[in-house]
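Heads up, the chain below is alone and in the form predicted on its own; it's given as structure tokens.
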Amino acid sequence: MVRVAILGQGYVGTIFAWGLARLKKGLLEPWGVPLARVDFGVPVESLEIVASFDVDAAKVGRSLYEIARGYGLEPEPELKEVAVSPGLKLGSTPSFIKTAALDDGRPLEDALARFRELLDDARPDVLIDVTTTVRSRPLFTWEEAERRVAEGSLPHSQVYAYLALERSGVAYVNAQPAHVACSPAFVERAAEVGSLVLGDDGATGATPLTVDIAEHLAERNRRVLSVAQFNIGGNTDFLSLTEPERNLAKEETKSGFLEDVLGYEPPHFIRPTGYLEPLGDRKFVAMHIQWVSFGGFVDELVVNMRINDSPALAGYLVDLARLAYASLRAGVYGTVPEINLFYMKRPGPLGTRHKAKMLAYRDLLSFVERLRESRGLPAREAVTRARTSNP
């Protein structure tokens, strides 16, 4: 059994828990799980959610069954077995989220000690961070991380990562923009203690498409003149992005690929731009790219999409939990660029050059083959299996 803990029991975390339960029963086809049909020794059925943490008082103490039902999902009975525990409310917690009871009036040291106890009880193999977007900067030494945790100056994701990496044999999957896999302090610490960090910021919507289009244009030696891409949504993550610092954090991860893929940085506007509650989780995405072709002629591409934001990331989490555990079991510590480059907007470790997702996919499959070999599984052409297997 792979013991999984969820940090942030919002819609993404709930879709993940609900969808995983249904996948394991065969009630859901694994569309949106890129490696669902690739065997690397950790089947979907081995994943078990053992803990959940949130800072919203309306969720703490409630079961995942109740929360799924509150989102309008038809919950599975086994979700009654996990109740949401209180997380850490820090200065980076959005103002619109109510305070949970854990740290109301508690000194920071006591709140941290209580959270450590909760982790000890849960004993997770994999922690998945789907908390609210937060801006951060890289941490370069473990001593710096220790000092800043003690003084209360780190955002919540980096505090959670720090607490996770006090342990060995643990994987931390960071699906939001905070610098975790892009913090040398965390990567080096994970390598030292036999743990793993993956991240940062899941790439599920317009960004993977934009980077692949950029690769397509670069391969054909077309000069990109401009890129415009924006998202408007009505879920709580978009609500949090109405705070300028959080919006800037997301902008940084969404536009970082241009120079790496194209070799130059054309004028661009790539960012989440607004919150409109009636859109809910199904965000509106628009993209416009113009480029110069042979003879100086200018072509353009216009794309409009509606994307269910949270399910797109939840499907990735099924893969990431399995890959994280398989990597640990194979003795792969620190971080894994081949995983990060495919699944993340700002892939760790710090300084990793972006590449098109269609190229990163090939590298990911090669890494998976190495995992298969480490498990003594028969050699198999993973690309063929992934692309030709039918449900």
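Residue numbers run from 1 along the displayed sequence. Please read all numbers here as calculations on a predicted model, not as lab measurements.
The following text describes the form predicted together with a further copy of the same chain, which does not appear among the structures shown.
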{"property": "4.5 angstroms heavy atom contact with a further copy of the same chain in the predicted complex for residue 274", "result": "yes"}
{"property": "Contact of residue 226 with a further copy of the same chain in the predicted complex (heavy atom, 4.5 Å)", "result": "yes"}
{"property": "Interface membership of residue 109, a further copy of the same chain in the predicted complex, 4.5 Å heavy atom rule", "result": "no"}
{"property": "Residue 142 within 4.5 Å of a further copy of the same chain in the predicted complex, heavy atoms", "result": "no"}
{"property": "Region of this chain that lies against a further copy of the same chain in the predicted complex, out of 201-209, 159-167, 142-150, 77-85 [heavy atom, 4.5 Å]", "result": "201-209"}
{"property": "70, 43, 61, 30 - the one with a heavy atom within 4.5 Å of a further copy of the same chain in the predicted complex", "result": "30"}
{"property": "Members of 206-227 lying within 4.5 angstroms of a further copy of the same chain, judged by heavy atom, in the predicted complex", "result": "208, 209, 212, 213, 215, 216, 218, 219, 220, 221, 222, 223, 225, 226, 227"}
